[in-house]
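The data below hold one chain only, encoded as structure tokens and taken in the form predicted alone.
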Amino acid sequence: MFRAGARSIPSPTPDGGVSLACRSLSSGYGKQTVLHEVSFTIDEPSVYVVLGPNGAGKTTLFRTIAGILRPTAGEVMIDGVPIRQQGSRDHLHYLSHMDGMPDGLTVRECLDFYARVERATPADVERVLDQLEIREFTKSFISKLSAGQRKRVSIARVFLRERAIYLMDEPTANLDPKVAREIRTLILNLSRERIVLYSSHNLFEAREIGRYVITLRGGALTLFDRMENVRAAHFVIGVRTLTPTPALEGWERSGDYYLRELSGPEEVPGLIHDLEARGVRLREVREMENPLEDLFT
């Protein structure tokens, strides 16, 4: 198991692959340091879930890797080249948790604009319209899209040009469980043979999409390991529904939440599928007793 100070997961660099390294990386905002000497190396294409509670430093890590924030100490390296060196950043793309898309444009106008920014082609726009299943929305204004539709457009923008590294900052935040699962599936399919850093504070989501887990607490690296090595001793989920439902009668209640204890996060997708098949309209599924605390100590 890789804990704070671990340098890498041992694996050969694939032919034509790319490596990403954070070397004693510290970063923050003004005089406030958020990241504290974070070090790791990634050289295997896969999904690496960056886990941590709010304020752990996930977004700061992504912004620093992307070159948006300048580190106060240490550096980010891509294939051994500092991120600050011209051309190095071309290897990666960053999906912020704030999509920043112009509400006054249609979906096609938005993607055409970003295609010009990214030096992508009209054929690339057509490709992502099909890959993200948003062709039917091309004439719709961004402001009129649902949260799930808007997220698909945001992801389409990121995949206009292929990159070796993708940074996905909580791409399923504020989406209902069904749409969130669809988004995770899309990202998995689009990112094969790529390095994907995918931030979340949700362990069952992490298990569904990730092969490796990186955890942060207070801006420090606390764990870097394979997902199958992560175990949670106690796992209780809470379910909120859009309408009252007899299907959940007998479940323990805590405020608006129906509670269920499971053996682990891996059981959550099956439970969601079962509830939806029984006509339960889900509003939210979340961990009520946070199993991540075991990982952060």
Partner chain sequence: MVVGRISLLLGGAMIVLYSAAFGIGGPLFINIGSVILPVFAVSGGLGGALVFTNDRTKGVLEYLVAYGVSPRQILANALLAGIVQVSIVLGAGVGAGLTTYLLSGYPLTPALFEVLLAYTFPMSYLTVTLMTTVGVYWTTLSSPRAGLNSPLGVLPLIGVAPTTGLLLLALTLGSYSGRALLIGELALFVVLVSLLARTDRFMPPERMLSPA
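Residue numbers count along the first chain shown, from 1. Remember, it's a predicted structure, so these values are computed and weren't measured experimentally.
A second form of this protein, the form predicted in complex with its partner chain, is not displayed here; the remarks below concern that form.
Visitor: So, residue 132 and its partner chain: in the model of the complex, are they within 4.5 Å at any heavy atom pair?
Guide: No - in the model of the complex, heavy atoms of residue 132 and its partner chain never come within 4.5 Å of each other.
Visitor: Applying a 4.5 Å heavy atom distance criterion, does residue 68 contact its partner chain in the model of the complex?
Guide: Output for residue 68 is yes: heavy atoms within 4.5 Å of its partner chain.
Visitor: Residue-level contact is defined here as any heavy atom of the residue lying within 4.5 Å of its partner chain in the model of the complex; does residue 227 satisfy this criterion?
Guide: Contact check for residue 227: no, nothing within 4.5 Å of its partner chain in the model of the complex.
Visitor: Quick one: does residue 222 come within 4.5 Å of its partner chain in the model of the complex, counting heavy atoms only?
Guide: Outside the cut-off, so no.
Visitor: Is its partner chain in the model of the complex near all of 92, 114 and 163, within 4.5 Å of a heavy atom of each?
Guide: The answer is yes: all three residues contact the partner (heavy atom, 4.5 Å cut-off).
Visitor: Which residue, 136, 193, 126, 103, is the contact with its partner chain in the model of the complex, using a 4.5 Å heavy atom cutoff?
Guide: Checked against the cut-off, the match is 103.
Visitor: Here the chain is shown alone; which of 118, 170, 176, 75 has a heavy atom within 4.5 Å of its partner chain in the model of the complex?
Guide: The residue from 118, 170, 176, 75 that makes the contact is 118.
Visitor: Name the stretch: of 253-261, 268-276, 235-243, 59-67, exactly one has residues whose heavy atoms fall within 4.5 Å of its partner chain in the model of the complex.
Guide: Of the stretches listed, the one contacting the partner is 59-67.
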